[in-house]
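Coming up is one lone chain in structure tokens, specifically the form predicted on its own.
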Amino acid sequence: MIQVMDLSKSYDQNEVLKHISLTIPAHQVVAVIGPSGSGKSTFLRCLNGLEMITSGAITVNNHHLNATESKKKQQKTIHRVRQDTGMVFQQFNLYPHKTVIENVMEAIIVVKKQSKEQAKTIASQLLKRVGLQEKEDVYPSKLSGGQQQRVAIARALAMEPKIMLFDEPTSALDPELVGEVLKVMKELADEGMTMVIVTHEMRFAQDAADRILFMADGQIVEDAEPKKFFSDPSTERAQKFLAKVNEF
């Protein structure tokens, strides 16, 4: 489903990602963890073209993105990648002047070219899926942060993505609201959605992920099953990270 080949990303002289290679098969749930500044979010943003790669290549659902190609060709590929990929960010980015159901309907009408009636039916089903069917006619300002993030997930699912990318989706939430978002993500994982999740929620990563990528200094330092990683990390860098996490 996703193949990354010798991926590097630099900003001027600052190399943020360094020669990353990996394969993520369909239906796998991958949690990307590591210290702040390790390149986790940049890696995720490279997967759907929000960041242009400096060197290397990425294949997402048979769409091939190569850094040596022209910018025009890369943009065409990125457009196709985004049709197959949903992304949920730290901030919810909902339209404040539209109701919850209108936020979810927008892409169905504009991108998928479906009628307003069709879009409303689909959006209503998606809001039910994330437990917000009773909030259809409410404006985002009247929702809690957890509810807004669940709307953002429903909006991403409206494009019927093959892959879901999550960039620290609970980091902007109050602690008591985190669980309701993680519950929806866990349900997606259980349904077989291919997912790559940058997260600081170690318990969620341990319980929901099939695989842990531990990043530090722009590299993947460990790539392991959750049980192995959390019980017996093989590198000193990961051991120090987990020791620090376990202090809290």
Ligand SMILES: Nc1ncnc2c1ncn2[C@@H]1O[C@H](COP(=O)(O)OP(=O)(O)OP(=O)(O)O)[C@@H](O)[C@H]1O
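What you see is a predicted model, and the numbers here were worked out from it, not measured in a lab. So that there is no doubt, residue numbering starts at 1 and follows the sequence shown.
Only in words, not in the display: the form predicted in complex with the named molecule, which the text now covers.
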### Query
Among the candidate residues Glu136, Glu168, Glu106, Asp84, which is the single one with a non-hydrogen atom no more than 4.5 Å from the named molecule in the model of the complex?
Glu168
### Summary
As a check of understanding, the residue in Ser41, Asn48, Asn66, Asn61 with any heavy atom within 4.5 Å of the named molecule in the model of the complex should be identified as Ser41
## Note on the structure
Which of 184-192, 219-227, 202-210, 29-37 lies within 4.5 Å of the named molecule in the model of the complex, heavy atoms considered? The stretch 29-37
### Task
Spell out, yes or no, whether the shortest heavy atom distance between Ile24 and the named molecule in the model of the complex is within 4.5 Å.
no
### Query
Is there a heavy atom of Ala238 no more than 4.5 Å from a heavy atom of the named molecule in the model of the complex?
no
